[in-house]
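Structure 1 and structure 2 below are the same protein chain in two forms, each given by itself as structure tokens.
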Structure 1
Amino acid sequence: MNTALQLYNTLTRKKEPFRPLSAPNVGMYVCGPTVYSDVHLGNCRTFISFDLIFRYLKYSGYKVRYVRNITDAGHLEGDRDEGDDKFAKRAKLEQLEPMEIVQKYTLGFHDVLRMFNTLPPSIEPTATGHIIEQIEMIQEIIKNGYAYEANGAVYFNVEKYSKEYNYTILTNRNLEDMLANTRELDGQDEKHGRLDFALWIKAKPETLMRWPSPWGVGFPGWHIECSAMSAKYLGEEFDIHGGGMDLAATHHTNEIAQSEACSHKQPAKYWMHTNMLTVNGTRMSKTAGNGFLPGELFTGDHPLLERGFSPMTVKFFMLQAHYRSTLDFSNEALDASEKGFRRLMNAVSLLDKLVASESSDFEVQPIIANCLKAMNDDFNSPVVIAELFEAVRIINTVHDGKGKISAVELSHLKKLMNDFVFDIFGLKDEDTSNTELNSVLDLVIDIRTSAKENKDYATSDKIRLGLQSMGIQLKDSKEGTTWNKI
């Protein structure tokens, strides 16, 4: 097992050696999507980052139980327990049942993550499937004196909790400042304290998703689902809890409070947060309206896009930044990633063609050691990519007959590429994964090129649009026509 791994813990604000509670088992919980609409590329960045972490932990010899939930109830539009229910609003808009909305966008989320070649989590529990567990947890919190009922709702008492525990442990904010910056309660408010948050919300007559509870008919607050489901599947104390950075200040802060108020234990040893994907410096989000859908990115069908980019190009673009750095989206950056990714894949495809010599001009072990060192340093994928391009240079030099490589070094080179490019990064070669498809497409592209030369644009358009409807995009350039899957 790998004992050299260091990871950044938001709880302590420093890098720490990774020491799981009961190695080789590792419990990891990551907050999943709220499935009332399509996931945007920003959401994908967070899930791709945790896929890298999941893959590397497995590669390092750990047996990981990775739990990633689906939020399918209890998410209101406002972050102060107010506003419309997002699912009900969407259901009205699309004239569907709320659970049809949940099903539609859960399937869409899975499709997108499959295109990015991420591994499925070990367990994917839903909030609606764990109402009883949430009610039981709320009862325990009330019994322990950290929550109160008011008119069919239940609120968490932040003031009482913060006298005994550190409510701002994740963000190090000052509680007085937080209070000063939080709107005063108006006379109608049932909450006792300004920072109190809902554990259970009373159903309004028009509320569609509702369940009976000891406090009347209603639905759970957003935060309680993750506390209840992480405890159920990973225990009261587990190793890693993750999500996007935007979740630390409220959602994760409240999760820690709920878990401690219930079991008197801080649930996760390591809290990990991924940084945001931005567009012109602004966080990509559903509400800001700058959220590209992955499908739009693959087809190029968006005003900010100059053309389409394939899923692996986009994934490679993301891996070129460290998961704790912001990453700004731009056409130029994606152009560069596409070139880099093709160079990497071309080199990988040359590996089997290289002929070993008696002696070697290159040593591959130091590159492997540097890659491991970079991954052990808080999953530093950009440094690994720089090292992989060193390997690309070796492959191309040997292929061009300008250098020699021995059989042993060649086998190291193959292992390096196999482990890091495919196992740990989860990349795949999009163009050569299916040789039959390649041959058929070569033929179809030839026919289209001839049709164009004969000015038979009806046929050439028919081929292009027909392929597009099958999920294959053609790209014409001076060098000829290429294709990618969309």
Structure 2
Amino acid sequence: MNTALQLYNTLTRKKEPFRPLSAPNVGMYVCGPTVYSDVHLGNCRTFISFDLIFRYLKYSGYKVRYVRNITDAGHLEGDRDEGDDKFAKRAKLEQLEPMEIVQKYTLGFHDVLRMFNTLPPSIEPTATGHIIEQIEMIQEIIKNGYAYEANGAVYFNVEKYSKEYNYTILTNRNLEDMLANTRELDGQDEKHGRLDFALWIKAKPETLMRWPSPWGVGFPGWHIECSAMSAKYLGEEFDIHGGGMDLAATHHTNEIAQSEACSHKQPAKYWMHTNMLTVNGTRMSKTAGNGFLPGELFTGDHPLLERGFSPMTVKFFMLQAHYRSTLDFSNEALDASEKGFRRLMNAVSLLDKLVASESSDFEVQPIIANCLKAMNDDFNSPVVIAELFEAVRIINTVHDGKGKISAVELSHLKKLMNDFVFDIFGLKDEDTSNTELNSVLDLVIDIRTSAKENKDYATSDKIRLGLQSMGIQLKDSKEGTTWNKI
């Protein structure tokens, strides 16, 4: 069990030793996608970040129950419960049943995450599959005096709650400022207070997704689903709650309020948030015209992209920034990541070709220790990557015959790369998985080797230079000829 792990806790704004409430078991809940449209890159960064956390906790010996929900009902146009249900709007637009919309975009979401080689969560519950649990939680909140029914809807009483609990504990916002920046209630508004939010919404005659409840036919508000599902699968108190930083101010703030109003306990020990994405220094968004979908990034089919980049290149790019840091997309940055990723994978492919010596010019254990220290320090993947490139330097030096490595150190080196590159980062070599390319290159290298043996240096050089112009570099050594992408 790794006891050195330190997490950054949003509530305390400081790092704390990780002490799971039910060690060695860890409960982790991450707010999943709202599946009424294609998954966007911000979602992908969040799920890639928590995949890293999931993988490392498992690697460290914890038994992790990772719950990631699917929002398939009740997500409105505005955070203050205004507008129409997004699933109903999309269903009417595409002339489909709402659950057809859910199925279509859930499958698309899973397809994208498979391309990024993320592990599936332990449980992936849906909002529509837990209506009963949400209704029961709302009933308990009403019973405890923190919610009220109004004309078939139920609202959370923020003013009543704020007298006993810190409503803004997650963001440290000033409650008076929040009230001042919220519109006044008009005579037709059913809410008692300006910050009150819906737990249950009365269905309109045209509402497609609706369920019976003690307050009439309707559907749940956006926030209650996560409180209900996290409590069902992880208990009233669990270890880690995560999501994008855009969820902290409203969704996660209201989750804490609902859970405390129901059980009088704070739901999560650690609140972890991934930071925003920017494009050439400007925040990525559809309205700014600089937002692109994962598929557009892979194909390059977007005005801001000069070409496409592979899923592993994009994943490696994301891992080069700490999950709490802003991540800026640019063609230049992606180009650099692609070269770095290729260099890393080329070095890994050389490991089995290295020949051990009786002595060693290198020690690998300090690199392993530095990688573990970085991961224990709030999952600092950029520092780990820097250490991995020190290992790359060692591999290339030994392969070029400019240094020696012992069998023991070579075994450490192989374990380091396998553990961190594949098991913890979840990267995979997209080039070497292409067996057809490997077979063709093996044939070309054999032809070139024969040409050299026959002193046909013109053909040998033509093959070498031709491959180089296509981005493939040949490297001759005593053990034979190897290739890598440049």
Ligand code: AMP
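These numbers were taken from a predicted model, which means no experiment stands behind them. Please note that residue numbering is based on structure 1, beginning with 1 at the start of its sequence. Heads up, when I say rigid core I mean the largest set of C-alphas that superpose within 1.5 Å between the two forms.
Here, the chain labelled structure 1 is taken from the form predicted in complex with the named molecule.
If you fit the rigid core between structures 1 and 2, you'll see the Cα of residue 21 move by less than 2 angstroms.
Comparing the forms between structures 1 and 2, the C-alpha position of residue 468 differs by 2 angstroms or more, with the core used for superposition. In the core-superposed comparison between structures 1 and 2, residue 456 has its Cα shifted by at least 2 Å.
Fit the two forms on the rigid core and the C-alpha of residue 446 turns out 15.0 Å off between structures 1 and 2.
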